[in-house]
Structure formats: structure tokens, C-alpha cells
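Next up: a single chain in C-alpha cells, the form predicted on its own.
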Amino acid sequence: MINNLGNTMFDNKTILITGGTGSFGKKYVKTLLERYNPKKIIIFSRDELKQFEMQQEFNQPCMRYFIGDVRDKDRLRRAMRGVNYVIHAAALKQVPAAEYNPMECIKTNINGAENVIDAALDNDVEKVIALSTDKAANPINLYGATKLASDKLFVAANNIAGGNRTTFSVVRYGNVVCSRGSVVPIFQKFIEQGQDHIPITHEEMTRFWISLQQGVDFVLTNFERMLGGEIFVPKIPSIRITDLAKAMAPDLPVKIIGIRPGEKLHEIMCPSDLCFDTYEFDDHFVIAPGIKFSSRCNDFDTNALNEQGKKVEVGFEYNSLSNPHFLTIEEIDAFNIQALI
């Protein structure tokens, strides 16, 4: 992935991050402050305690903290005044919770996406990137279905924009190593509690493997790459969950507890049904829009950085099981998981 050091794209710019107190938001802010000289960084989220705690770590003069919910369009409109770039990271993400509370998930993930789009257009924001998930590809759970709907909204927003300069794109990747809700902190908790086993939902389960910093760097670079309407997918390795357990707790046996409601055995990030719209680049894939734009670019084999891509083969699917790059137990162990928790 491209190194952003020396780039000035975010210098003297105002950036707003919805759900900015989460794992991604904190790492994104840290990276922006280390590499750029932003005019303002606005954290937009609904939890005042998390904002208070984040302010203790990030209290630079450029930092702003807005209490607000993406369900509240008026609050979003006010927060986005003068904003150049938006990263939409706010979502209800827990799969079982979404299954049991479907309307709440829809209100945040779908209605909230519409509100972000409207507020960005009303304020003539330059660029918006929405964070997606592997679960939006061929979804089998409500969370994935709401994120698929959200992805479709952000892609179509480029047509809604008309002559407005605002462009919208999506970044999709799987579970982030050591982020809140990922399996790594759960395993670590069992280890620290002195449990006599590691619980695993299925012995054949696989997942894509990406660090928080890799995810942040990918989003930063895609602000430069984006034409508007693409779904960006990084090329990353896969792991077997049993190998992760062995790397973290080599002396503990695993116990199979069964797949949770709405959980997949393997992750898919580029479905085979979309192979006709999928392009392969050196370090990522792009899923081009299925719709045609009336006033935007419709050619996605070359991005704004002049990187060249090519159509994937018919039937291609980017799947954590068929991924040619799997990490070994030794490679997982060398990742220094403990330093990331």
C-alpha cells in the first residue's frame, strides 16, 4: 500500500469522522496528526464519555468534538459546515445484536448513511469515503444487509450529486486485528482469565487479516485514488482461526462452540456475481458501479493516481478460503499481537 509520508493532501483541510471515537477513528486521527497539518479534525459521535477520554489523548488545537448521532440529519448538516473530507465510520456492527435489534441497525446503518450523504451534498463537501465490511458481500445477516444497502446509497450518491463537486466512494475490508469486537481481544481475555481452553465457533473458519494501521493507510490513499462510485478492497492475507488460537495460546486446547447467529464460515469481499465489474490492481481490487453515471466517470480501469487495473477473470471471487496468501502460525506470532491489544 502506498506510503502517504510527504503527501500534503490533508494539509490545511477540515476532516470529519463519524463514529470517530472507535478504534479506526483514533488511529486515523493519530496518523493525520503525525503526517499532515490539518486545519480541523472533527470527531462526530454520540458517546460523551468516549469523547472525553479521547480528548485526554488528542487535545491539539485543530481537534473538535461534536456530540451527535448520524440518525440526526440536522446535527450532521451543522457539523459538516466547512468540511472538505468525510470518513463515515459510524455503524452498529455487532452481528448478533443486529439480529435481535433489526430496526435499530437499520436506523443507524441505512438511514444514517442517507443522512451523511444529504449533509455532505448540502455542505458541498469535496470527498466522502464510507467504511464497509466483508459482511456486505452476499450478506446472510442483517448487519451485512444494512451495510450492502449503505454501500449502494454511497455509490448512487454520485448520480444524486449531479453537478455538485462531492464525490463518494466505499472502502471494504474484513475484521481488523485487535479492534474492538474482533476475535483477538476475546481470545486474550480468556488467556488472562486463566481459562482451560479457547472457544472457537468452527474448526474450519477463516478470516482476512488486516492491521488497523493498514486499514487507515488504505483509506488515506483511496482519497487520492477515488473517482467516485468505486468500492475499494485491499489485497491482504487470510488466517485460519485455529492457527490464530495456536499462535496466541499454544498450550491451550480449542473447544468448538458452534457458529453464532448470522456468522459466516469464510469471508467474501469481492463476490463472483460482480466479477464483470471487478478490476484488479497491484495491491487492491475495485468493484465498479453497476449503474451508469450521467455526469461522472464511468471508466474505472485507471484511477486518479493513474494506476492501471484490469478486469478479473469470469467467476473470480475474493474469498478468505481461496485466498492464495495464508499466514502460518509463525507469521501470526511474529505479528506481535500483544503489542496491538
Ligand SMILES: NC(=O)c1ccc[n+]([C@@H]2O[C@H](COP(=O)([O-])OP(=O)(O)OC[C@H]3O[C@@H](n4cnc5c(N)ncnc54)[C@H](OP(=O)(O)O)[C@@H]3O)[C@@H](O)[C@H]2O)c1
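The structure displayed is predicted, hence computed values, not measured ones. Heads up: residue numbers just count along the shown sequence, starting at 1.
There is also a form predicted in complex with the named molecule; it is not shown, and the following applies to it.
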Exercise. Would you say all of 70, 143 and 173 touch the named molecule in the model of the complex, counting a heavy atom within 4.5 Å as a touch?
Worked result: yes
Seminar exercise, completed: Testing 189-197, 82-90, 230-238, 245-253 against the named molecule in the model of the complex with a 4.5 Å heavy atom criterion leaves exactly one stretch, namely 82-90
Seminar exercise, completed: Exactly one of 148, 131, 226, 270 comes within 4.5 Å of the named molecule in the model of the complex through a heavy atom, and that residue is 131
Exercise. Using a 4.5 Å cut on heavy atoms, which of 50, 64, 39, 296 is close to the named molecule in the model of the complex?
Worked result: 50
Exercise. Should residue 21 be counted as a contact of the named molecule in the model of the complex, where contact means heavy atoms within 4.5 Å?
Worked result: yes
Exercise. Given that the partner is absent here, does residue 108 sit within 4.5 Å of the named molecule in the model of the complex, heavy atoms only?
Worked result: yes
Problem set entry | Contact of residue 46 with the named molecule in the model of the complex (heavy atom, 4.5 Å) | yes
